[in-house]
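One chain comes next, on its own, written out as structure tokens in the form predicted alone.
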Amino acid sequence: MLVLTRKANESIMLGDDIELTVVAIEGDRVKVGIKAPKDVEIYRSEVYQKIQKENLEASKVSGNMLGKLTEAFKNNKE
């Protein structure tokens, strides 16, 4: 992991179009401002990990469920 030291109102560039700015430092918290293109998804790490876990769970389809869906499509066509 790259570790950089920044003071309040100093920034870090990620590539050409993402800028992270230390907006404020209050006790043990740092407020970070992010300028990025609208198509860049930005999440807190814990939220991102939860989304990834939920997507993984949603992608798991049991053989039983796949059979039921196949039957439902067959019955719907008839």
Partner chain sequence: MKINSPLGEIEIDDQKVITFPNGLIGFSDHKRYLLLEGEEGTPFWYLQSVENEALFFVLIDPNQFFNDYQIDIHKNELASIDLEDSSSAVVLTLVTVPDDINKATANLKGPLIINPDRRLGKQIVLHPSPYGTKHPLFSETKTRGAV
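Keep in mind that this is a model prediction, so the values were computed, not measured. Residue numbers count along the first chain shown, from 1. Just so we're on the same page, rigid core means the largest C-alpha set that superposes within 1.5 Å between forms.
Just so you know, the form predicted in complex with its partner chain exists too; it's not on screen, but the next bit is about it.
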| query | finding |
| --- | --- |
| Partner contact for residue 29 in the predicted complex: its partner chain, 4.5 angstroms, heavy atom | no |
| Its partner chain contact in the predicted complex: residue 51, any heavy atom under 4.5 Å | yes |
| Touches its partner chain in the predicted complex: residue 13 (any heavy atom, 4.5 Å) | no |
| Heavy atom of residue 55 within 4.5 Å of its partner chain in the predicted complex | yes |
| Displaced residue check between the shown form and the other one: residue 56, CA, 2 Å or over, core reference | no |
| Exceeds or equals 2 Å, Cα of residue 69 between the shown form and the other one, core fit | yes |
